[in-house]
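A single chain, nothing else alongside it, follows as structure tokens in the form predicted on its own.
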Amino acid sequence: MFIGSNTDWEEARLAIIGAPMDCTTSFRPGTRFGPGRVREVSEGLEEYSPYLDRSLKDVAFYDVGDISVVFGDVDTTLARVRDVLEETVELGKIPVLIGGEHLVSLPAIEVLADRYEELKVLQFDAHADLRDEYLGQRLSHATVMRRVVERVGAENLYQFGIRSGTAEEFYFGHAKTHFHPDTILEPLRDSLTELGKDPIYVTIDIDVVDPAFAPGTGNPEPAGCTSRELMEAVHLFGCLNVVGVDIVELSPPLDHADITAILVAKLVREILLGIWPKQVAGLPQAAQKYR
């Protein structure tokens, strides 16, 4: 269980959900172990955030546990993720999904897009994930954002930190999405006013962070952002109407000394604290200067 989790599901407004899917990983597997390890290392963190001056004690969130996936069966696993997310959203709770490979984002985004017609998706990632197919498959961690584009429209996808992909993916991104390669903070700040009060789904592939700070991922890509930069980006989520979040692609077997797992756990803490006031009491004071 994630540190500080409430024991009352009925009162919870935020729901942590593990999605240990590892079906289409193409290089180094292990993301199925991500959700469990994040919970374990979260015990080493404080419930209080000195950045936000808030504590998890003041946040009504519940750790649902892991979705029961079927290893090797992409369709069944995605259907199960979709079913759990539908129930969660129907009950008025905001999902905070921990992967698992990046493909788990697709059913989550589809569920939120069904509920919010104007949904916009913010992707923080080293890879564009815009291939139409990969290794002959249309459902893959390398195609997930292309499928997202088909669901929400390219004009509603904002991509930050991209520094790897095919030429075709980069051409597609520059031509059709809000494409911000190789950087995250400045373009995110510049996008806040444009994003306004629209419903936002955030997907964070931890490989957006340089492998010097986050080595525990299946497809590490050098020259990424620092862990501090991503933390600052996460704090800006409090300026937005976030209706769903995921953090994916942590692979504990590849993680030296839990460096990446602890980073993910801390990001989850900051996300819970950052988006909670927006859901119950308007924008946090610290966010006002960005409006």
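Just so we're clear, the structure is a prediction, and the values are computed from it rather than from any experiment. One-based numbering along the sequence shown.
Keep in mind that the form predicted in complex with a further copy of the same chain is missing from the display, and what follows is about it.
For the options Pro95, Gly173, Pro107, Gly165, the residue carrying a heavy atom within 4.5 angstroms of a further copy of the same chain in the predicted complex is Gly165. The partner is absent here, but in the predicted complex a heavy atom of Val74, alone among Val74, Leu195, Ala154, Leu185, sits within 4.5 Å of a further copy of the same chain. Heavy atoms of no residue among Asp8, Arg115 and Glu150 are located within 4.5 Å of a further copy of the same chain in the predicted complex. Taking the partner from elsewhere, Arg131 is found to have a heavy atom lying within 4.5 Å of a further copy of the same chain in the predicted complex. Interface membership of Ala212, defined by any non-hydrogen atom within 4.5 Å of a further copy of the same chain in the predicted complex, is confirmed. Contact check for Asp258: a heavy atom falls within 4.5 Å of a further copy of the same chain in the predicted complex. At a distance threshold of 4.5 angstroms between non-hydrogen atoms, Phe237 is out of contact with a further copy of the same chain in the predicted complex.
Within 4.5 angstroms of a further copy of the same chain in the predicted complex, the stretch 99-115 places no non-hydrogen atom at all.
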